[in-house]
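The structure tokens that follow cover one protein chain in two forms, given apart as structure 1 and structure 2.
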Structure 1
């Protein structure tokens, strides 16, 4: 029998029926493994009654939370595949997914279903709470090779190569990933994980691991600092899983509330951790943030579980299941990261490329596009993306270095830097800046003089632009160059 993540969860629920699975959002809320299993099985029955068949692919347009998890597992229990339709996307972006990934049906929250109604049957079937099920009338054709993959997830994305639409993950690959990650995290029944991220983008290594290894998931009322800290203390969180923004909100909380003394790791993901947030979090809570290296094609190759302050800034040592190669030019200590491991993506969806075809391009390795270096004791540091590298007069550097300097200016709340085409120098440096509240914006000459204290002349921005906020992808990654032609939807 093929592996199925839902059946793995059912086995866990059988072993620890009364163990809590969902805690929160209110203080007394508690859903056991047995209760959640029954909820999943009831949803699976409703889906079959609505016409869902094994092997079909269903778009999921639903907010993160308890019911999102139940719907995914119910679809898996029916041997169906899930394609998230992230709530953060615009309606037009959601509809684009139908043009790139074949969908047989959609499950949507009642208030959101209108955003994709143009592609659905007029009739919809209520499932539970606010969930509606509807067939799809207009979608592209599925690649014939998909039928041979025991597909669990199709994540619509530009992919690491920048050319493919959709990363296909089988149940087998997801299981291999969570086992690889758990070599470092050591999740078990004693763990309670406080969750703050979008489930559309973070599910296959994290949520699946929690339900497979018997941990409980803490869902706070909202992402405000006081709510997060209250939930962590009330439910005795042993792990947190959040973005730099969420940790910054905790730092800004003025209640004086601390973290629970049982907290093992505060995992930070979605984007690189700004130095100032890591330092402020340590100053406020005495806890090092645990940075990770996550790639949709690969899972979590590295997790910094050292809790060493002198290793803040590193994504940690490579996990045992992974192999790493850094492709450097002669005399250089940093270069492009290539990886291989179990749990790699099964295929790119459209145009279809099997795992074997993808890996054949580089002798069995996956080229990530990330640039990194290794310390003498094996800690991996991500120094940038190859596509983000800026070249001024042939001198190359990464925007992160300039962004870090600018973000330390007392008047600057956030900064992003990118290269703009320049006929004379190749590129010129442009900085977009967000002003800190109640501060006056410094002039360009003042900013340039500030940068000269810390940066070589060729790294100093020639233009400083003040914006209300930085631009981000739906998954929370900053868009460094708003002038670059982007894929319709990015990872």
Structure 2
């Protein structure tokens, strides 16, 4: 029988039926492994009754939380695959996913299903209080090669290198990733992980690891500092898993509350940790933040579990399962990071590129597009990014997507977009615009309202600048960031 993350969870639930799995959001809320397993099995039964078959791919349009986890595991228990339809995307962005990834059905929260109704059967089946299941009527075709993959997730993403392609992850790859990460994290039944991130973007090397290794997940009421700290203390968190923005909100809290004394790691993910947030967190709580290096194609190659202040700023030593090569020019100590390991993505979805084809380009290595250096004692420092990806509050996207929308505005002749350092969100979005001749320049309000029709809120520029012309390199490529051609990380 092929590997399946749901079956691994069922085995864990068998071993520790009464162990807590979900704690919160209210103080007394506690769901045990056995209760959650039963919830998953009931949902799986409802999905089969609704017509779901093994091998189908289902779009999931649901807010993060206990039910989100249950729905993913129920789909896996049916041997189906999951494609997140992130809640915060606009309806237009969600519908675009149907054109790039073949979907057989959708599970949506009742209030959200209307956003994708144009692609669904008019009849839907209730699965649980707020979850509806509906078949898909219009979607692109699946690549024939997909049938050979034991697919768990297909994430619609631009990937590391730009244009929309989708990343396919099998149950085997996810399992290899969580085992690799656990060499450093050492997660087990005694752990309680405080969770603050969007499950649409973070699930495989986190939630799946917790359910596989028997840890509990703490879900706070919201992500304000006071709520996070209260939940961490109430439920005795041993790990936190959050973005720099969340840690910043904890630092700003003025209640004087501290961290629980059992906390082992405060893991920083989604984006590079600005130095000042790490310093402020240590000053307030006496805890070093544990930085990580995550790549959708690979998992978590590095986690800084040293808890050493003199190693803050590093993403840690490479985990044992990973191999690293830094491609430097002679005399240089930093260069592009290339990696290889188990748990590599199984394929890019569209156009289909198998793992073998992807790796063949660089002799078995994955070229990350990130620039790094290694210290003498093996700590990896990410020093820059050779790609244009923007990260706002840990949510990543490529500027092309925003530029395409802006360039379709009738008053805009050309647009370029880049990320500027922002102390709150990591980066904020700046757009430079060239006015179409004989047009009046629209105001910022009008431009923001126009963008809101097509783009999720975090992608909308916070600044619109009108320029006479865009800047280009000698080879004719647009220079996106006139302030700096290399994005600083952790500055």
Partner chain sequence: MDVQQDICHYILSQTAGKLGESVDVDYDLIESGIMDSLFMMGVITHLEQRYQMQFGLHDIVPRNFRTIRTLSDFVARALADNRVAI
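Residue numbers count along the first chain shown, from 1. The shown structure was predicted, so the numbers you read here are calculated from the model rather than taken from an experiment. Under this definition, the rigid core comprises the largest set of C-alpha atoms superposing within 1.5 Å between the forms.
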*The same chain appears twice here, once per structure, so which copy is the form predicted together with its partner chain?*
2
*Taking the rigid core as the frame, does residue 452 move its C-alpha by 2 Å or more between the two structures?*
yes
*Is residue 130 one of the residues whose Cα moves 2 Å or more between the two structures, with the core superposed?*
no
_On a rigid core superposition, would residue 464 pass a 2 Å threshold for CA movement between the two structures?_
yes
*Per-residue C-alpha deviation between the two structures [residue 411; rigid core superposition; Å]*: 33.5
